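One chain comes next, on its own, written as C-alpha cells: the form predicted on its own.
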C-alpha cells in the first residue's frame, strides 16, 4: 500500500503544516524532550521495528519521533478512520526511519489496508490504541505474532480485548496495559478526556454546557472526568452505570444517578464513555427531547446505535460540520456528533487531548517500549512496572520545576516494619 503522500495535492505544503503542528507539540511536551535526549544517547531501541496503530496527530507524532530517535524503525497506521491529520502523517512519513500509512476519512478497505501494511512491516514491538493491530497479527499473521517481543496498549477498550485474548489463551506475546497505570489513567482519562470532550462538543455545536443536563454513560475514569468537568462548567450531571460500586461513587460525588431509560428523557447532552456497545439504543432515542445532542467518548463507534437512529429517523441532514441532525417522525430532532465516533478526535475541529496530558501518556508508552526490549516477559497482559510509572512522574515534576517531600530513613523503617505499635 502507498503511504500518505500520493493522496495530497500539495505534499510540500502539507509537510510544512504538519511540521508546524509537531513543533508546537514538541514545545509543550517536556517529558518527551527529556526522554529524547536519553534515547538519542543510549539508542535502547536499535535494531527494533516498532509497528503502531494510533490516532495520527501531532502529539502521537512526537511519540513516533521519540521511538525513532531511540534507534527503531517505525511504521504507523491510524486507529480511527477520521482521527488522522494528513499533514502530520505526511510530515512523519518524510522523516528517516518512519513510514506512515495513515490517512484521514478512509473506508474500511483503506483503513484495514493501512494496518495490514504495518503488519507486513514485521514489527518486533507493537504500540496499539484499541487492539486492532494485535488482533490482526494474531488472526492473519500468526508467524509474525510469535516473533514479536511485546507490545503496549493505550486505551481501556484495547486492554479489555487483550485480557479477553489472554483468558482464551490466544495472546502470544506480552503486552503492557499502559491504560491502567496511574500516570496514564489519573491524568489522560480523567483530565484529558474530560477537557477535550467538552471542549470539542462546544466547538462543534457552538452551544453552551452551562445550564444543560449532561448525561454521562459510564463512571470509569473517563466518565468521572467528563462528569467532573461538566459540573465545573455549571451543568447538571446525570450518570448512568451498570456497576453498583461506580453508581454509588457517582452518587457520593454529588451527581444524580439514573438508568439510561430515565435519563434519556432528561438529557440535553449525552456522552458515552463505557468502551461497550449499545449504551444508547432505540428506546432511548424515543424518549429524548427535541434538540438533544449525542456523542461518544469511548473507543469504537458502537456505543450509540447509529444504525437504529438512522432507521427510526424520517430524514437526516448535516446542519453543521460534524453535526448530523436526525428528524424523527414526530418532529423531534436529535443531533449526532462525529458520526458516533470519538468526539474529541474524529470531529472536524477535534484536536484530541491537551498536549501536556498526552506528554505523560506517551512518556509511559516510550518507557514501556524500552522496558520490553530490556526485559523478558511471558505472554499475557502485564501491569506497567511501578518503577517506570514513578520515573515518569519524577521527570514531569522536574520539568515543571516542582519540588516534593521525601521519606526520611526513620519513616522508611517505620513503614517497612510490623513491630511498631501504639
Ligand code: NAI
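Positions refer to the first chain, counted from 1. A quick note: this is a predicted structure, and the numbers were derived from the prediction, not measured.
The protein also exists as the form predicted in complex with the named molecule; that form is not presented, and the subsequent description refers to it.
- Message: Each of 78, 138 and 161 within 4.5 Å of the named molecule in the predicted bound form, by any heavy atom, yes or no?
- Response: Checking in the predicted bound form: none of 78, 138 and 161 is within 4.5 Å of the named molecule.
- Residues in which of 86-94, 228-236, 114-122, 339-347 have heavy atoms within 4.5 Å of the named molecule in the predicted bound form? After filtering at 4.5 Å, what remains is 339-347.
- Within a 4.5 Å heavy atom cut-off, is residue 184 in contact with the named molecule in the predicted bound form? The answer is yes: residue 184 has a heavy atom within 4.5 Å of the named molecule.
- Message: Just checking whether residue 241 would be counted as a contact of the named molecule in the predicted bound form - the rule being heavy atoms within 4.5 angstroms.
- Response: Residue 241: yes, in contact with the named molecule in the predicted bound form.
- Message: Residue-level question: is residue 188 within 4.5 Å of the named molecule in the predicted bound form, judged on heavy atoms?
- Response: Looking in the predicted bound form, residue contacts with the named molecule include residue 188, since a heavy atom lies within 4.5 Å.
- Query: Though only this chain appears here, would residue 219 touch the named molecule in the predicted bound form if you measure heavy atom gaps against 4.5 Å?
  - Reply: Close contact exists here: in the predicted bound form, residue 219 approaches the named molecule to within 4.5 Å, heavy atoms only.
- Residue (of 100, 200, 126, 274) lying close to the named molecule in the predicted bound form, criterion heavy atoms within 4.5 Å: Partner contact (heavy atom, 4.5 Å) among the options: 274.
- Item | Of 320, 312, 246, 261, the one that lies within 4.5 Å of the named molecule in the predicted bound form (heavy atoms) | By the 4.5 Å heavy-atom cutoff, the listed residue in contact is 246.
- Of 130-155, which residues get within 4.5 Å of the named molecule in the predicted bound form if you count heavy atoms? Contacts from 130-155: just 155.
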